[in-house]
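So this first bit is one chain, no partners, the form predicted alone, shown in structure tokens.
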């Protein structure tokens, strides 16, 4: 059994853990700092973030972009470690960044591997050891020091950072309880659920829409009440709705049993305007099949699906539609409802809702209130952000904050 004595052990080699190690080692160049990573390499999730382009922050980040029991901590980070500071730090590591029209920031190369590489190069330059295939089994304290027991080694550390991430593991093959270490020192874990993921729906027509994309507005309807809306590109799957706008509704859907998704294909039109549009198109198409009613407006399969969900016979001619059928079609276009299926599947989730209760963490230092010299950063904390670079902003900024405490 290998034994190591270190100044600080960072448990977790994801975005927050790597950033924490870089900052901590720069402040403590002569002290031994190690990263303990249960997978066979660090930073796997960074490599797949932002469709492998790594949307590393967002210039518009504000508290409204986060859902959390740790509001004071979020406000502290946004004030003291804003996106500009994260970008500045990466620039010092050699990463050139560029924002897009929506203020989402990417590496100029649009390669997520560039983000991971500059972090790992900094760790290598400063002699921080990455101990991979090292899963922590338990942690204990004695005489002001922490003993971290792993399968093949025992590590003694003065300070410990818990950066174990969330329950989602879509970028990793290793599956286990990432909250085990936090629970072992007495932390409460708020209810976990997947977020920023496709939403499964029940529908007789959804399968026919697989692979189709459309611009529009989506709204989460929870127990009959509209709770959140987003505009953007809607992607249809064989049994689900997807796209960034849908991802941002998934936390609401997956935390409630009775949910629906409303799709508005013409969100800038009123119901009466849509009815008038249909009548004008009927006059245009005349004796054509009703299936041609939306040619030039929607994808053909979307048009057929709208007709079927409106209970209209697709073999009819356009000019044979009754007033009630026109109203039904207009209503479907105006608010197309899909029954949602809440999911507890984390395999395709980008982030985890829930985590270590924010009330148990010092908002100014991110030190655990349960154990002195133990700090938490990143997704292990009950913080999940909207899609668009907000989650990596939290990961990197919380890592920077903790790194400066060590």
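Positions refer to the first chain, counted from 1. Here the structure is a predicted model, which is why all the values come from computation and not from measurement.
Another form, the form predicted in complex with a small molecule, is not on view; read the next lines as being about it.
Find out whether any non-hydrogen atom of residue 165 is located within 4.5 angstroms of the small molecule in the predicted bound form, and reply yes or no.
Yes, contact at 4.5 Å.
Distance check, residue 67 to the small molecule in the predicted bound form, heavy atom within 4.5 Å:
Because no heavy atom of residue 67 falls inside 4.5 Å of the small molecule in the predicted bound form, the answer is no.
Is residue 59 close enough to the small molecule in the predicted bound form to count, meaning some heavy atom within 4.5 Å?
No - in the predicted bound form, heavy atoms of residue 59 and the small molecule never come within 4.5 Å of each other.
Contact between residue 48 and the small molecule in the predicted bound form at 4.5 Å, heavy atoms?
It does: once the small molecule is placed as it appears in the predicted bound form, residue 48 has a heavy atom within 4.5 Å of it.
Looking in the predicted bound form, is the small molecule within 4.5 Å of a heavy atom from each of 136, 178 and 395?
Affirmative, all three are within 4.5 Å.
Of the listed stretches (336 to 344, 360 to 368, 50 to 58, 22 to 30), which one has a non-hydrogen atom within 4.5 Å of the small molecule in the predicted bound form?
After filtering at 4.5 Å, what remains is 50 to 58.
Within 4.5 Å of the small molecule in the predicted bound form, heavy atoms considered, which of 356, 353, 36, 374?
Of the candidates 356, 353, 36, 374, 36 is the one lying within 4.5 Å of the small molecule in the predicted bound form.
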